[in-house]
Each structure stands twice: as C-alpha cells, then as structure tokens.
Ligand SMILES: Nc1ncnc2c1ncn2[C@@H]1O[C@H](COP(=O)(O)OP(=O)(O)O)[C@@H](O)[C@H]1O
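What follows is one chain in structure tokens, specifically the form predicted on its own.
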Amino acid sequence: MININGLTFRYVGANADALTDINLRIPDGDFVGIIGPSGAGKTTLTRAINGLVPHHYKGDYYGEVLVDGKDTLKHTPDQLAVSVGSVFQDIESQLVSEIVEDEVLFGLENFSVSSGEIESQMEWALNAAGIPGLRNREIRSLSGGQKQKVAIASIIALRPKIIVLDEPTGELDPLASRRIFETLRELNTQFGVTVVVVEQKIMLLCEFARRLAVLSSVGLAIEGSVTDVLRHIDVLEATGVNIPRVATLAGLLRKKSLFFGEPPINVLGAKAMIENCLRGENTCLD
C-alpha cells in the first residue's frame, strides 16, 4: 500500500513547489494512472514513491510517504527497491550493462533470486516485454524504444510488489505501447503487483488503469475511478490535461441531455454510445 499524506516538496533553488499538499492512497493491487500538464509534478511524485525524493533530489520536504509500511524519509531508495521497482523517463541513466541478458541478470543476482528461478524469470520478462530476440544484443546498438523495453524487462523480472513507471511508452509506437500496458495488466491481475504509471497517452492509459490521479500546478485536482474522472471534463480542461476525444464527446452529449451513461474509454465504447443514442435506448432521450 502507498499512503501519501500532505506531501509538499520544493527542489533546491526552485521558486515554487513541485508538489503541494498531495494526499493520495493507493491500495495493494491497484492500477493507477498519473496524469497532468507539464510541470504539474508527475515525475516528482514517482520520485517520492521510490525514495529518490528527498534522498537523491534534495529540497524542502513536508508530509509523509509510506510505501509498503516504510517511511520513505527514513529508508533509502536501495532499501525501498525491495518493494518498489522503477522505470525512469531517462532510460539511459537506468541501464548499467553492455548486454541485454546481463542487464536483466543484474537485478536478479543482486536481489538474490535463486539460481533455479533466474533463467525462467529472465525468459518470462524478455518475452513479456516483447524482446526475446534481443537477449544477446549490445545495448548500445539498440534503438531508444528497444532500450525502454530492456529497462522494463529488467524491473518486471524481479516481480516487485509495486512498480512505478514514468512515461514508459514515450518512445514506442502504438502497438508496442499497448504490449507494454498488457504486460503491466498481467503483472497486476496475475501477480497482484501494484502499478503506478505516469503516461501522456491518456486514451491508452484509460483502457488499462482502474483509477486516475490528476495533478495540477496547485496540487491534486481530482482522483477516482477512470469513468468518474472522465465525467469531470470541466476539471480536466481547467488543469490543461489532453482529454480523450471520446470523453469530450460524451461530455458534450451529456450537456445536451442526450447521454446519461458512463463515459466511454475507447473508440468501440464511443461507437456503442452513439449507436445507443441513435436507437433511442435508455442512455439517451428520444
């Protein structure tokens, strides 16, 4: 479980808080998407969960972050890494080996995974990330997207209780992005891993996350189930979030008293919504 209570943080030398009075509770086994405009503190929030704030990134820190029962102020990122696996936005800073196989092995060996399990967990992670053919490749020869998959594979191989990802699909095409989220869903549903992910591809995120937390320049604007958050188009617009078009359409239909159901989260849902309206079914007025 992740409990964030009154978290405020300002980086050294900054003129404004990166995070202001954040209160957020993420139960075990949840799948939460963090969204918000540039500068709202999304990356800083991930750093606070894995302990890089305030141990590595210094500044004025107020409030409390408890991760798996550990106070991040009192435990170093290395100590927290037993419970929290992190995939950073800057992939180059995360990779430490020359060969893909060695990168995945590095974490498994350092966290004392038994020799009998190492091979199976490595193969599973490489397959889950869609890169079994890269196992013996030099990392320097890979594209940015391939490096991102290697970083994800090296973390999910450890099957941590919590995985925190900062824009994991930033350099991936739509098909590869969906595969990453399908992998995260498998970790979440089959292994009970708590997933916290910052993502700009909001429509994709809405298909996989259970809840959304929307950050603004002044704090946590709104949080709740995906459909509940998508109902608040006015709040999302005010924060500067890139709203999925299907949610915008549902909001416009609702304002005209033409739609009363839950907002769709994908194109198929929008298609069904429109068809129901045209048929005059109970989600719409005749």
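Not measured: the values here are computed from a predicted model. One rule holds for the numbers: they count along the sequence shown, beginning at 1.
Not pictured, yet referred to below: the form predicted in complex with the named molecule.
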> When the named molecule is placed as it is in the predicted complex, which of 249-257, 41-49, 228-236, 64-72 ends up with heavy atoms within 4.5 Å of it?
Replying inline: 41-49
>> Tyr11, Ala18 and Pro37 - do all three of these have some heavy atom no more than 4.5 Å from the named molecule in the predicted complex?
In response: yes
>> Using a 4.5 Å heavy atom cutoff, which residues in 51-69 contact the named molecule in the predicted complex? It's fine if the answer is none.
In response: Tyr57
